[in-house]
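What follows is a single chain, given as structure tokens, in the form predicted alone.
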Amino acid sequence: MQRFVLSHPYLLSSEDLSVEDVSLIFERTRFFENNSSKKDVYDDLKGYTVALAFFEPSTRTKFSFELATKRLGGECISFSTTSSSMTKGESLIDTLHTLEAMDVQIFIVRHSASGVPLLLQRNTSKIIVNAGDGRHEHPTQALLDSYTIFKHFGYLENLKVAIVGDLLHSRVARSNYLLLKKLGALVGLCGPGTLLPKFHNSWNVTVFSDIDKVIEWADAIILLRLQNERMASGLVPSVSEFAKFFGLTYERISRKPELVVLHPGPVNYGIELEYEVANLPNVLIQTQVTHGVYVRMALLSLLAKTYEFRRLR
């Protein structure tokens, strides 16, 4: 019997997704990608109100969720702490319950503190989607990255994917590691020793000391930016030193022009990626952005179905 619902009526972590869930999301993503135009509006979220609760800045994630909601026929509202009663001391949970009382069913949450989406999900029966929490996870980014790689190669099993850069502070790295390993990819990590996750030895991955060795090994690379806003001083000697050993330059990628390159954005050109590299055909950064809308349409569509299925049982 074919499944039409996900394992959970929420998404807080890549660990919430089974292989079957990902297959279902990818299948729905392909449908929207192949059957949507800018004028198409579906009714998957008809009657749903989606709150974009972004407590950190965002361009790609926020706007793609907004577009996804509107293309699925849902209502979309943006929540800002500066214009809410949170400035008067209202708690996050009270704010959640206030919006619930206004019949908001889906909350897309980005927050600087790890664990906030989990906290909210424990205090509501509605749908919470983690759009990035602190240094913890960013599961929808992992979904669109995996989909982009899968679509390019046609498979993920035993594909060599390296995650390169500031791994310590990256929620994208953690979510991608969890999801790619679950889907059968071979995952490598590359970054300064001071920017490796504390427990990376238990992750069962290949660790590289510089990007040249990664290029020889990998089929695809996911580049990460230095997250200076989360970084304590002294973790890297200098930006130029980081770029020397871990930056992807035109000269380096010319040794393996078939290498596929991804980046969650925003890109710091001249640090993790040389500007001349960005326009090469196997650099899929803009493709990721395009896929982001369709993947999030697929996820919201399936979460709504799962929510209704659970509610009616």
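Since the model is a prediction, treat every value here as computed from it, not as a measurement. Start at 1 and count along the sequence shown; that's the residue number.
Here the subject shifts to the form predicted in complex with ligand CP, a form of this protein not shown in this document.
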property	result
Heavy atom within 4.5 Å of ligand CP in the predicted bound form - the one residue of 71, 111, 138, 169 that qualifies	138
One residue of 36, 49, 58, 249 in contact with ligand CP, assessed in the predicted bound form (non-hydrogen atom, 4.5 angstroms)	58
Which of 24 to 32, 264 to 272, 279 to 287, 240 to 248 sits within 4.5 Å of ligand CP in the predicted bound form, heavy atom basis	264 to 272
